[in-house]
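Okay, here we've got a single chain as structure tokens, the form predicted alone, with questions on binding and movement later.
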Amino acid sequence: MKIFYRIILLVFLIIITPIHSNSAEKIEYLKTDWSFKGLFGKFDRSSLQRGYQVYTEVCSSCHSMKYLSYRNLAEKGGPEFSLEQAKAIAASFEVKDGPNADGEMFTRPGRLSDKFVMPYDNVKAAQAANGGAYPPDMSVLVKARGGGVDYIYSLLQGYEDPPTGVTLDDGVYYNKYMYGNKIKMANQLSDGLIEYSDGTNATVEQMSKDVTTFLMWAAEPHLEARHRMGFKAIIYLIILTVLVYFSMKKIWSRIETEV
């Protein structure tokens, strides 16, 4: 019986123990309560919708999200806008299409099947508009940065005046959470910068959390389904362990113990 309990305890510990990175990064990031963390974590729908608003009104002028389509905004597990809302969002953007019958390109209102509109035509245009720096695509940015959501959340709130003795080139800003502390993106957030459609107070902290939540969903759109599958797998393993235990007990009960 002790073996059975040890197996159950081992499975449980493996599941709940977080995987720590071997990175030498020791900076302490800002902490917040992420609803999607943990075995039963789920995205906060309201936060996802607000995060999309922050991305659209603040980030999308420079950063693309080339792996997302407007239809994703209405899919289960994401912001879950209604189909009509998603259609209206898509139609609010002009999409380049063509060529038409005359061989010319044209613009039309966006459709659900369209990818998010890119802010620049190409990489060179993006670099030229940003002092030589290329604003990274945000589709999987959370997964591409060490520290994940905590890093992005902290970075958006980490702008400070440089310490004494630190000099910055023109167009470079000091951020205590940025690798090397120097960043070419200016501070984009300020209290009351946008007006949330649901009436939430748009503080820097709130906007940082909402847009980071949105970026987490963009990088892991099937996170909730994966959590549900993981829970089912745990139940299956527990049941299987119990069956194996009693099967082995029955088998060994037929063998007489030598005195």
Partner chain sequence: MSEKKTKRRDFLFTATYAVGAVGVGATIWPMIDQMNPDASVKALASTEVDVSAVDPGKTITVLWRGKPVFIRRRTQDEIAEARSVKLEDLKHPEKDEDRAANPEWLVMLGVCTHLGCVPLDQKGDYNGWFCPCHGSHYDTSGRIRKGPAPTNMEIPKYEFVDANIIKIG
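Residue numbers count along the first chain shown, from 1. Since we're looking at a predicted model, the values are computed, not measured.
What comes next is about the form predicted together with the partner chain, which does not appear here.
Residue contact with the partner chain in the predicted bound form: residue 107 places no heavy atom within 4.5 Å of it. In the predicted bound form, none of the heavy atoms of residue 182 sits within 4.5 Å of a heavy atom of the partner chain. Mapping the unseen interface onto this chain, residue 71 counts among the residues with a heavy atom inside 4.5 Å of the partner chain in the predicted bound form. Contact check for residue 113: a heavy atom falls within 4.5 Å of the partner chain in the predicted bound form.
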